[in-house]
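Here you get one chain, nothing else, as structure tokens; it is the form predicted alone.
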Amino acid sequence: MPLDDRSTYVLKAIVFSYIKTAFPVGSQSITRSFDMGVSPATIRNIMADLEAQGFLMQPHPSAGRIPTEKGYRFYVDHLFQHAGLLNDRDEMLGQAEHLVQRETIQALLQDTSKLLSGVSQYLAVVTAPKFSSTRIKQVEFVRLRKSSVMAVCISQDGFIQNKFFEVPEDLSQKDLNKIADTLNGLYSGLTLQEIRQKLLKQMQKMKDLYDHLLHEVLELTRRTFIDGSPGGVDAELYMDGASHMLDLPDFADFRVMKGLLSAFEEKEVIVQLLDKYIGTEGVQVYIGSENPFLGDHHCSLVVSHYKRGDQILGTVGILGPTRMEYSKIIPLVDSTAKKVSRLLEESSMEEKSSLGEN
């Protein structure tokens, strides 16, 4: 059943107050802080109804109420309909303008994670572009020992990923250098998907060819680019602000804190969490048990993607307690993702202009 205007206002006021103070909210507090023109007794009745509907809970019989995940979800979904709850929005939108063009995308993403964590005082998480979506600049092969090779893949954005594998015959470093030169001549500037498509066509043509070097080029290319992604995990994660989280009263319980610390160490889990939302449009907010990982750690995630042109490259997000300041975090994440996209687009245009001049 939909909430009437008065119940909606009371729920928003309770969520807003609890986010600010971390203390359960009582009817007297609502009456003093928000001009509703009704008595505390009326507020208590409304709070009781909201609790019965699952929007609020009472941690102790003598305490006020605190929001449930359902209460936070209602608050977030209706947040931008209440200007009074967004008085920090302009300031948050302006924070992203502190990001400036950097020489490498890695430096820009590091700046982004530091800015997000510093402004929000929560954990900032930023994923780099997946290696499979970047263009290859150069590949090198390094002989480690007999029949063991390391492939070093360098993208045009400056990202490096390594892959180790065994080869069927012993190749000298000189052989590997020749193969790398040939491979770079064939595939430099292509994405992994384009390399794979080109390689499959060339392998079909190989049936009647016996050029030893070309055979080794194709074989090492297949091992490097087709048999799994280089480096295993196809994304790099930048995180900042874990210490901010541990200072919050939400994680005062040692068991909760220990679980959170363990989760932060499992970067692959967080990368996978962010990857789930990389195709979504605009800012997305996931509260507590709406995602198993977040629910296990009493957290919420506000996330958006950044892109260059029409190509989505990665995500920027803020992970905090379910009691996070959504009115600040949502516009902060939104404006930061858009700013990173603009900087990458400008960088791409400068590169094209430079190539045109040459």
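When you see a residue number, it is the position in the sequence shown, counting from 1. All values reported here derive from a predicted model rather than from experimental measurement.
The same protein has a further form, the form predicted together with the DNA, not shown here; the description that follows concerns it.
Student: Whether Ser62 contacts the DNA in the model of the complex should be assessed with a 4.5 Å heavy atom distance threshold; does it?
Tutor: Answer yes; at least one heavy atom of Ser62 falls within 4.5 Å of the DNA in the model of the complex.
Student: Residue-level contact is defined here as any heavy atom of the residue lying within 4.5 Å of the DNA in the model of the complex; does Ser39 satisfy this criterion?
Tutor: It does: once the DNA is placed as it appears in the model of the complex, Ser39 has a heavy atom within 4.5 Å of it.
Student: If you check in the model of the complex, is Met47 within 4.5 Å of the DNA, heavy atoms only?
Tutor: Close contact exists here: in the model of the complex, Met47 approaches the DNA to within 4.5 Å, heavy atoms only.
Student: Indicate whether the DNA has at least one heavy atom within 4.5 Å of a heavy atom of Ala337 in the model of the complex.
Tutor: No - in the model of the complex, heavy atoms of Ala337 and the DNA never come within 4.5 Å of each other.
Student: When the DNA is placed as it is in the model of the complex, are Arg6, Val25 and Gln58 each within 4.5 Å of it, taking any non-hydrogen atom of the residue?
Tutor: The answer is yes: all three residues contact the partner (heavy atom, 4.5 Å cut-off).
Student: Within 4.5 angstroms, counting heavy atoms, which one of the listed stretches 300 to 308, 321 to 329, 287 to 295, 25 to 33 is next to the DNA in the model of the complex?
Tutor: In the other structure, the partner sits against 25 to 33.
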